[in-house]
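To begin, one chain is listed below as structure tokens, in the form predicted on its own.
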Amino acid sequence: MFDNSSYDAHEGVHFFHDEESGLRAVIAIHSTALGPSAGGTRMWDYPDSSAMITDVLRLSQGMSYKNAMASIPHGGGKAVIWGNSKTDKSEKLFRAFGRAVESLQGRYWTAEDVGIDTADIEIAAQETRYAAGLTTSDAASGDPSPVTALGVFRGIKQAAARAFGNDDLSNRTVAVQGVGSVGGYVCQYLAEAGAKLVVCDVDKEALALVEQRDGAAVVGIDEIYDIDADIFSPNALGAIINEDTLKRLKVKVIAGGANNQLVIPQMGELVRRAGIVYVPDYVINGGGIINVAAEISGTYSRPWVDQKLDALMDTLGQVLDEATRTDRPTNAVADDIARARIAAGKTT
């Protein structure tokens, strides 16, 4: 664990197993410097435990940075459940997971992420006080995906303004990887703005919806990197920007809701050298956690969410402009700001 390249001085990494339900889960808490950690739960059928641990560590660190950039009173944490989200879900499993979250006594708040929906979290919430993204509590905020997608759409427009001289997306071609809970809403926003969509996903039902509703062209999973597009929007899993995929991309902007898009941080410099505007993922996709934070506060306020999202978009603009001014990769600029905010939290 301590030798894992993604460990990054996590405050705690907690492993949970429940024999009756088959639960195998890890909850990683990267930092509580800015407040109790908060981050969604992902359910994924990992190839092995090493992949599972690396994923939760990277996601947890990313949440520390995301929450810092969003200026919400939370540190970073994340949970992963090892299993197939199509076949392995059960009430017993999510109740067991809820008990796992409760055992951390508020150091970690959970919500939805890849493979997990509102119904799953509401089962877990029967066993824990520290679950958000609900539809039934007094401050219920519901599915955070639409707010995440709104931030992604606004971030795409900011990047377009810098890459093309204006933020008009009409007749721009956008290659969208992943059209699930976030990507589907992103497609809807893009289509309404007049963009031409080329999409891929493993979920045929989700593809059919976007194809019919938004007029999207559907391509194979591996074909998405070769599309002659203006913008590439990754909204599925992470680590998809590497030296091989970068060589295939013909775009001027990479901006999407997926976490940990760069296979390693150094890819940010290679993206910059390729003349592509890269929007750091944990900045552009912070809308959802802002929505969740409003619920955690106990009094959900959509005006507060909108105000925080506006401020996050201002921060994103500062990151993009500072990167241009200093000839530095955008992810390095964002990392510096996030680390400074977390460090400041440790001294207060």
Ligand code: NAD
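Everything numeric here is computed off the predicted structure, so don't read it as measured data. Throughout, we count residues from 1 along the sequence that is shown. For the two forms, the rigid core is made up of the largest set of C-alpha atoms that agree within 1.5 Å on superposition.
The form predicted in complex with ligand NAD is left out here; the points below concern that form.
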274, 280 and 330: each with a heavy atom within 4.5 Å of ligand NAD in the predicted bound form? no
Pick from 131 to 139, 201 to 209, 100 to 108, 241 to 249: which stretch has a heavy atom within 4.5 Å of ligand NAD in the predicted bound form? 201 to 209
Of the options 160, 262, 150, 236, which one has a non-hydrogen atom that comes within 4.5 Å of ligand NAD in the predicted bound form? 236
Pick from 190, 253, 258, 72: which residue has any heavy atom within 4.5 angstroms of ligand NAD in the predicted bound form? 258
Taking ligand NAD as it sits in the predicted bound form, is residue 116 in contact with it (heavy atom to heavy atom, 4.5 Å or less)? no
Taking ligand NAD as it sits in the predicted bound form, is residue 124 near enough to touch it, meaning that at least one heavy atom pair lies within 4.5 angstroms? no
Does ligand NAD get within 4.5 angstroms of any non-hydrogen atom of residue 285 in the predicted bound form? yes
Please tell me whether any heavy atom belonging to residue 231 falls inside 4.5 Å of a heavy atom of ligand NAD, as the geometry stands in the predicted bound form. no
Near ligand NAD in the predicted bound form, with a heavy atom at 4.5 Å or closer, the residues from 158 to 191 are 177, 178, 179, 180, 181, 182, 183
Using a rigid core superposition, assess whether residue 41 undergoes a CA shift of 2 Å or more between the shown form and the other one. yes
Establish whether a shift of 2 Å or more occurs at the C-alpha of residue 284 between the shown form and the other one, with the two forms superposed on the rigid core. no
Does residue 204 count as moved between the shown form and the other one, where moved means a C-alpha shift of 2 angstroms or more after fitting the rigid core? no
